[in-house]
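Quick heads-up: it's one chain on its own, the form predicted alone, in structure tokens.
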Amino acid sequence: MKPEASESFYFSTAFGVSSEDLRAVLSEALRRGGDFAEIFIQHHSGSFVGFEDGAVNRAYVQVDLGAGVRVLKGDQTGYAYTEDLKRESLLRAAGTAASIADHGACKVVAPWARGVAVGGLYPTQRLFAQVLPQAQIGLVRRVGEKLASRDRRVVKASVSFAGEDEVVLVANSEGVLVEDTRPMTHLLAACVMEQDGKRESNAYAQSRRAGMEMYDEALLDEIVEQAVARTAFLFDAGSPPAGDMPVVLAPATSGILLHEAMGHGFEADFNRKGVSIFSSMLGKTITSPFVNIVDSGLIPGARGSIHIDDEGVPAQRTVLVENGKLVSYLHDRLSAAHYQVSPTGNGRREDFRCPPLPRMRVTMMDSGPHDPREIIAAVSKGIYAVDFANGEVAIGAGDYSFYVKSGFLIEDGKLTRPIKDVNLIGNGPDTLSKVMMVGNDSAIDVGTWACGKEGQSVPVGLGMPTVLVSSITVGGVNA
């Protein structure tokens, strides 16, 4: 991230958008009496390559460029965007966004101020634009061939690779002028395996804010090994008994339950509007005293990390639940003004066509005091949930349903039979109140997580330690 008050920023040198242009656009946006104006400019380029049935069969490049102008008047938002960065187009967008306000004194745009640089979370060079297509195709073909030959039971192998470069600029009427260059990449390996006439499928992926250098042979071998092992596991797995029982959530991937069932409920717009079940719980104890939940943009290389949010607010680590007490929501500028607190760096948007909303970055539960072996040993009969897939959550009530691809039955304090195709059904606040033990092994999942909200999708990260919940409804087959 490099805040500048000169003409040396990316969008000036690459597209001719000067600081004078930015100032003129913001002045036009404030002309009808808005309280605050902001321009968000984005240049995104990405490439995708796919492998299936022994050959590279898909490849494309995608480029997106444009700007959004936002005007705030009280709690009201005016927003307009353009895919043309010429000054005239930006001014027209500003005029449209300004129509939210129709009276009041015209505010003056503050002088540009240098922000505080928060660098080092991920590379800042535009890496993938400089990677030859042959290198990307060769990478995917190599992984596909490794996957197909790894186990004789593999009957179908598929691989997908994406490499993205994104540069964003935020300038606002309070004098903020800041840019960030954001790389992103993922590699996913999936396979279908056949054994004794039975077929199973599974996949494994890794995604980071990193460049092509992330793909060394050790990582490629790990991705292939995990994809095959996770698929082979399913041949011996069966359905668990159904009913209410203790559930041990495995570290890392179980963070999806935390993200969906609790994290969305902590987003301040849902609470400001009284939609979230947590809207009346701020300052109250909602879980065990050894539970601490945070949302951070500061984890190096993590998929959800950002040097600045899409309102230009520097990244930070936001504590949501401290020693069992709900102490903060996730704020953008609008909700922070409503609650009379500072923004937490959670104003995020899918692209320049969208206004920002309070969104998660990397949401996780911190490590607790318990040894994971101690946690499993404390359960006489329950399940150990390992590999989560899709789920559904009702934000207002906090009710959720999650699909667990694989795990184990726990009997007499030990992991016994492998299980698959499990549904966990519960309520977010109720589950938090039933957290009995928290392991000392918190980990971030490295998968390709994306979060949807109001039609917008943004990359996120999530994590958990091993956690014991005393009771969750398990949907399976009685056995």
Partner chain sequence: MSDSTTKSGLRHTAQAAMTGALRRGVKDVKAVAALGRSVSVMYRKGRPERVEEATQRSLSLSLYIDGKFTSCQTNDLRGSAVEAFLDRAVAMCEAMNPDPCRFITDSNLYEGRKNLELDLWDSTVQETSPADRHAFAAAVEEAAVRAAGARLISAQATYQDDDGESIQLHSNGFEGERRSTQAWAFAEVSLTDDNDRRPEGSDVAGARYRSDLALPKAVGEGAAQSALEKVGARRMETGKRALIVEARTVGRLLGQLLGATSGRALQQRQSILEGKLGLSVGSELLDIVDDPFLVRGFGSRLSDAEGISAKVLPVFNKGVLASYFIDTYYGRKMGMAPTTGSRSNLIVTPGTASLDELISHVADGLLVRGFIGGSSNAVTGDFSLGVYGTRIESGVATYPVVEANISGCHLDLWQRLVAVGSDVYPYSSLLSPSLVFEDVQIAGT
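Residue numbers count along the first chain shown, from 1. Keep in mind the model is a prediction, meaning the values are calculated, not measured.
What comes next is about the form predicted together with its partner chain, which does not appear here.
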*Of the options 150, 156, 325, 230, which one has a non-hydrogen atom that comes within 4.5 Å of its partner chain in the predicted complex?*
156
*Of 380, 125, 280, 342, the one that lies within 4.5 Å of its partner chain in the predicted complex (heavy atoms)*: 280
_Does any part of residue 285 reach within 4.5 Å of its partner chain in the predicted complex? Heavy atoms only, please._
no
*Report yes if any heavy atom of residue 397 sits within 4.5 Å of a heavy atom of its partner chain in the predicted complex; otherwise report no.*
yes
_Taking any heavy atom pair closer than or equal to 4.5 Å as contact, tell me whether residue 144 reaches its partner chain in the predicted complex._
no
_its partner chain contact at residue 53 in the predicted complex, heavy atom, 4.5 Å_ = yes
*Run the contact test on 352, 403 and 423 with a 4.5 Å heavy atom cut-off to its partner chain in the predicted complex and return yes or no.*
yes
*Listed range touching its partner chain, judged in the predicted complex by heavy atoms within 4.5 Å, from 59 to 67, 437 to 445, 407 to 415, 33 to 41*: 59 to 67
_Going through 306 to 335, which residues have a heavy atom within 4.5 Å of its partner chain in the predicted complex? Please give them in sequence order._
none
